[in-house]
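Here you get one chain, nothing else, as structure tokens; it is the form predicted alone.
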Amino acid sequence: MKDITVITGTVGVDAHVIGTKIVSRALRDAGYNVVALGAQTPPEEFIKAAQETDADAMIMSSLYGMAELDLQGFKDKCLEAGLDDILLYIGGNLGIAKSDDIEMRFKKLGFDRVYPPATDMKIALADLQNDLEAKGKL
């Protein structure tokens, strides 16, 4: 999996770093090349890192509930940057209030996978492998 590069980080002004550290560690343990951006990462930095590393996926976390605002137009910016084939995943506490339509709202923003808090990393890793296989990258 060393040929597969995944960008990780906590999006926006969110300082909650534990989720992204867990994701990054699980990805490394599974053999992926991980570029960990850390906490409080502006969306544009994810795009820049993906361009510089020819990344295959971005996995973002957020716990402060404002990621939807932070990521308005993000998929369009990815397309403008030539990242039309990149997988976009996000997880965590993605809304200020509990909402049944969180997944749908983030999928409308262009995310391939949306995970609620405390999702088992085995699920996300299996999804990533399946999605990469479907794109012919594995």
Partner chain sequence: MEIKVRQKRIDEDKFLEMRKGVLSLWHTGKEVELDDAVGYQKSLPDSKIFHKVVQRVREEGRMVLFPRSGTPIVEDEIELVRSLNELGIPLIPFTTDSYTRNLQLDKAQKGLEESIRTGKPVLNGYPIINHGVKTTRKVVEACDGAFDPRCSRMANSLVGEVAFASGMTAMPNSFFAWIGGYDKKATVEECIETAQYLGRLIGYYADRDVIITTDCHGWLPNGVYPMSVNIATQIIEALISAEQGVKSVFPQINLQGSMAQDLGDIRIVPKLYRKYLDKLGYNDVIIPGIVGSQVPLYPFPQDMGSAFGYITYTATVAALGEVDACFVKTIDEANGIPTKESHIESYRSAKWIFDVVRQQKLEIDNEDIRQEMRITEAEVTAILDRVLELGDGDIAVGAVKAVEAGVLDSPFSINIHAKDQVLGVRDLKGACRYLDFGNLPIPEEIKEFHREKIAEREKAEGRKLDYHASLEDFWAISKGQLIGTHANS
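All values derive from a computational prediction rather than experimental measurement. Positions refer to the first chain, counted from 1.
This protein has a second form, the form predicted in complex with the partner chain, left out of what is shown; the following refers to that one.
For the residues A39, L109, A55, C78, the 4.5 Å heavy atom test against the partner chain in the model of the complex is passed only by A39. Put simply, V34 is far from the partner chain in the model of the complex: not one heavy atom of it is within 4.5 Å. When the partner chain is considered in the model of the complex, A124 lies well away from it, no heavy atom lying within 4.5 Å. The closest non-hydrogen atom of M104 lies beyond 4.5 Å of the partner chain in the model of the complex. A residue is said to contact a partner when one of its heavy atoms sits within 4.5 Å of a partner heavy atom; I96 meets this definition for the partner chain in the model of the complex. Of all the residues from 7-41, those having a non-hydrogen atom no more than 4.5 Å from the partner chain in the model of the complex are V13, A15, V17, I18, K21, I22, R25, D29, L37, G38, A39, Q40, T41.
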